[in-house]
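Below you'll find only one chain, the form predicted alone, shown as structure tokens.
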Amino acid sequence: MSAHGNETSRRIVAIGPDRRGFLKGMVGAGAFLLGVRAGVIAAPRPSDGPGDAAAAFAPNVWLAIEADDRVRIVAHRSEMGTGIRTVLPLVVADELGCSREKVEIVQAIGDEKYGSQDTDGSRSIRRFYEPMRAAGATAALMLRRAAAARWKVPVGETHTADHAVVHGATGKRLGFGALAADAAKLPVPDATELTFKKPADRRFIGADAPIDDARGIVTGAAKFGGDIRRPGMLFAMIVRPPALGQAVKTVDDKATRALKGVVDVVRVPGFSGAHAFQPLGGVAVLARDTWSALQGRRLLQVTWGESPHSALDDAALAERLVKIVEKPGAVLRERGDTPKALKSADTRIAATYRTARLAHAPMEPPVATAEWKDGACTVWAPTQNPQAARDEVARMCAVDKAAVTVEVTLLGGGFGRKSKADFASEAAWLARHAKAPVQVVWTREDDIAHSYFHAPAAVHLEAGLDQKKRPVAWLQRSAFPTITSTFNPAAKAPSPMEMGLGFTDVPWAVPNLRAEGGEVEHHSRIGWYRAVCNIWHAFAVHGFADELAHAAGADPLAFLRDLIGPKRLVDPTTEGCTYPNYGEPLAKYPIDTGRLRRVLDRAAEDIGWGRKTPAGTGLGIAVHRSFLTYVAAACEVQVSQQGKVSIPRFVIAADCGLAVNPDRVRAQMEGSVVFGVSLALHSAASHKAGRIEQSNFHDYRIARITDAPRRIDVRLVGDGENLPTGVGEPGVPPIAPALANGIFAATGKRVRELPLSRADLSWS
């Protein structure tokens, strides 16, 4: 039973080596198969597998209805705790009119025919909600037409419900399976012919539903990356270069090779050019079990060559970032004449905020298994991006990607790290070398030392207040090593995409506003991290807003509401911003300050804003739009006189448009609070002489249960009339600034650097 008392017996198709064959020929005798691509109905073409050629609509296969009434729906996104493997198929099932107990979910292999499979950027629902609805509605219409022809009645008199087509006037029913063969022979309707269920008629969309993998996860039956076993499989652990770009100079492997259980020691080639998703290289120990591989690796004696990245020092980089942002940079958005307004302002305030480098540190470190047969490779991996994994395996092993199949297991967390396919190609390359299946295992220490790090950053802000203490000018300047260096080693300037993450899209109603960016060299791998640049931008922008409120002698909530201004739609493109809306059209997903103020007011109301608090206790608040979703965070913070922080309560008010599965939305927001508290209080990775200084959770701190808020309340504010937007990431950005603002309210100490544990928070 779920927490809401809804029991489900939906079957899940297990991960298996024959998945590719199944997906190539989902249609058996008399089955009906449908494909949709990005909202466009695909034309019929011969099936890639057995069965009636006219029954398959390829190349983008989403669902199949079998003659025995089973409905199989393809989940093409990766499951890492968000529930997306359940939610997207439920959208199809709702429009189709399915009974849940007759639905099976099939995890897709990596293949371009499914459109983007990269499960990041909080895009799964917003990009595929409409195509999945179209898939279900198309199948429903074709089944209704098949039934109407058999009954000789108008199709308008029919509807689907409980896995059958129903004739409203007579109550006649025909199950989906009985109509599958007839429906498969019909032409695919045009998108303009589709009708969709009204909200009152939906069974699954907008209703709480447990994730389908929950029972397997709880009982241990679910298959994660490390659970894969193949006959004759070897296990590999790799010594990777301490600093980015170092190559193996010498190897002494005598002691390793003498160890019982060790099979081989192999040099793994490093990357060339842009590191992208290529393996770092190093020396691999192949063994018959993980313990032997680990012990053998410890016995290796490896020396390394030089690298231009060997001098990376994060302490020095932090100082350099501050110097960069305290000088003018490239203007990325301009409203009015900000420099002039600052000079003439009655009061001028400036502050610089800093954030540390972060590692993803998911509960499950990277792991992948590969097997070669007859020149073809199958890889099993907990990857967020199976298409990129397929491409990288093909590149590294110099084979056509048609020879590579990537099977997606469940992910024990990802946060962006597992969008990169280096661990999958390591396994494939070693399996071909060993002529046996190989599982590459990363330890926690490997993962932290060789992450695609979230870059450190500095943000400088200046504001001018008039005589009435109202803001008349706002200047902000951001600098950080850019993620585009992943694909272009020469890149120094921040990309428009990065600056559009909570920076050039700020919705403030200030007459003079300027956003600038600075250039920084990179010396480590940089990768997408949950909420990406919104983390440092939200921390700085909303921390500074709180500073201005106190400087103006105003209530922070009232000041923030004035900064947001009246209800309106904001278009940053008219002021020079070139990436304002996460790649989506503003006409479809406008920046609506009314929605922003609504979540702010709800969070403030629920936390009891304005109430008196005891000494050492404060209330903090922040509101931020990211991934098209509006989220306000309000917290109650207690700080002991010795500086220990505890959090009695966090309130999250979120407007994500239509909440397709409210239970999952609440769970993601709750997780975002803990994630945000973790990076705000403790998390920091640092390089010295090119090497990461942290190794495990004892020195790369994440939130313990004693750090987590004692209570988290999530309020879903959306009215369901707007399209669904992102959920996985937008709960994170406002957490750190709300917490820092609460600490100031409790202690009078303004903290402008993350993690907050670096500051002395004691008070008297």
Partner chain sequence: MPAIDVNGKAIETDGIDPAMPLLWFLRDHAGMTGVKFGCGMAQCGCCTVHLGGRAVRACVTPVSAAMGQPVVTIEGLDEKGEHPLQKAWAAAGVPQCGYCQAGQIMSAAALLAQNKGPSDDDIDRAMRGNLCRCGTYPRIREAIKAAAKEMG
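Positions refer to the first chain, counted from 1. Computed from a predicted model, the values in this text were never measured in an experiment.
One more form of this protein should be noted, the form predicted in complex with the partner chain, which is absent from this view; the next part is about it.
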Open item on the list: Since only the chain is shown here, I'm wondering whether residue 411 would be in contact with the partner chain in the model of the complex (any heavy atom pair within 4.5 Å).
Closed with: yes
Open item on the list: Against the partner chain in the model of the complex, would residue 445 count as a contact residue? Criterion: heavy atoms within 4.5 Å.
Closed with: yes
Task: the partner chain contact in the model of the complex: residue 678, any heavy atom under 4.5 Å - done: yes
TODO: Answer yes if any heavy atom of residue 192 is within 4.5 Å of a heavy atom of the partner chain in the model of the complex; otherwise answer no.
DONE: no
TODO: Among 730-738, 697-705, 715-723, 66-74, mark the stretch whose residues have heavy atoms within 4.5 Å of the partner chain in the model of the complex.
DONE: 697-705
TODO: Only one of 249, 150, 588, 229 comes within 4.5 Å of the partner chain in the model of the complex by heavy atoms, so just point that one out.
DONE: 229
TODO: Find the only residue in 351, 174, 674, 658 having a heavy atom within 4.5 Å of the partner chain in the model of the complex.
DONE: 674
Open item on the list: Just to make sure I understand: among 348-364, which residues lie within 4.5 Å of the partner chain in the model of the complex, judging by heavy atoms?
Closed with: 359, 360, 361, 362, 363, 364
